[in-house]
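Two separate entries follow, structure 1 and structure 2, each one form of the same protein chain as structure tokens.
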Structure 1
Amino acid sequence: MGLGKLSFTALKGVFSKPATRRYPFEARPPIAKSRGRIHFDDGKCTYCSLCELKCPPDAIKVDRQGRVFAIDHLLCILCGACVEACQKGSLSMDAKHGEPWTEKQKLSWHTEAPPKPSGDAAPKA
């Protein structure tokens, strides 16, 4: 490579935009139909544990009696099998990626069971 071509390449690199973004200062817009992260809506969940059965890496744990849903995002491979298995629509996928984590963590949600109707009340006539 001649000196002229090398100089031209160096000057072109100085005056052009960088090839990468300055993350986290410049976030990349989400790509349509990409798999970013899983959202859980505890108001819709019946804790049927179908998502736990369909999860290939066992990243989801559901305790039906305790009404606890837990997901380990570091084990999750974002395949979407849990979202497809959820009949109530409590799981969904978002195209936006989450913030990077500095330590391993598991997210869990606990929902109190709805109160059972008491058998003491007399039927209304």
Structure 2
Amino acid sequence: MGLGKLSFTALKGVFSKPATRRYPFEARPPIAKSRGRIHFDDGKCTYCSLCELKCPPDAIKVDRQGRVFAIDHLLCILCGACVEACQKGSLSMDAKHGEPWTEKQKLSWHTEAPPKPSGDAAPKA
């Protein structure tokens, strides 16, 4: 390597921005499409269990009668098949990655059935 090229490289190193992202002190803005974590919005869910059917690692369990949605984030492979399957928009993909855990947890949500406008008895809880 010639002396000219050597000094050019050295100067470039001195004046260019460092390549390092100073995570966790500064997080970079998330990329919109990033598949970070499945987000569940229990207000919209009708507990149809389509997501359970489509989930390749069987990380989602839905109890249609009891109106319970449960997801194991330590099984979820973040493929997004459930988000595509969800008709009501209650599942979405969060761009932020999941937190590390010290214990295994399964997250579940339970909602009371909304009052039916007509006829049918409310499903058993």
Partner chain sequence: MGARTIIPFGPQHPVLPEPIHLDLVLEDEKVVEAIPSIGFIHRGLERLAEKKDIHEMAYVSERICGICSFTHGMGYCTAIEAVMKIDVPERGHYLRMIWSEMSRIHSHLLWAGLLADGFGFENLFMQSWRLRERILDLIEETTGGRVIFGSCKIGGSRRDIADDVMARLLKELASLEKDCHAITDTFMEDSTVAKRTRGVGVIAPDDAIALGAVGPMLRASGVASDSRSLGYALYPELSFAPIVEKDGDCWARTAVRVREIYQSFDLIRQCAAKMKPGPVDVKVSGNPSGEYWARLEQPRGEVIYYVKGNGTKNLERYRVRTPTFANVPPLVHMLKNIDLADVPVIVLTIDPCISCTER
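For clarity, a rigid core is taken as the largest C-alpha set superposing within 1.5 Å between two forms. These numbers were taken from a predicted model, which means no experiment stands behind them. Structure 1 provides the reference sequence; residues are numbered from 1 along it.
One chain, two forms displayed separately, with the form predicted alone being the first of them, structure 1.
Hinge location among Arg21, Ser34, Arg64, Asp72 for the rigid parts moving between structures 1 and 2, by C-alpha fit switching from one part to the other: Ser34. Rigid-body analysis of C-alpha superpositions between structures 1 and 2 gives a rotation of the smaller part of 22 degrees. When the core is overlaid, the C-alpha of Thr9 ends up 13.4 Å from its other position between structures 1 and 2. Fit the two forms on the rigid core and the C-alpha of Glu26 turns out 4.3 Å off between structures 1 and 2.
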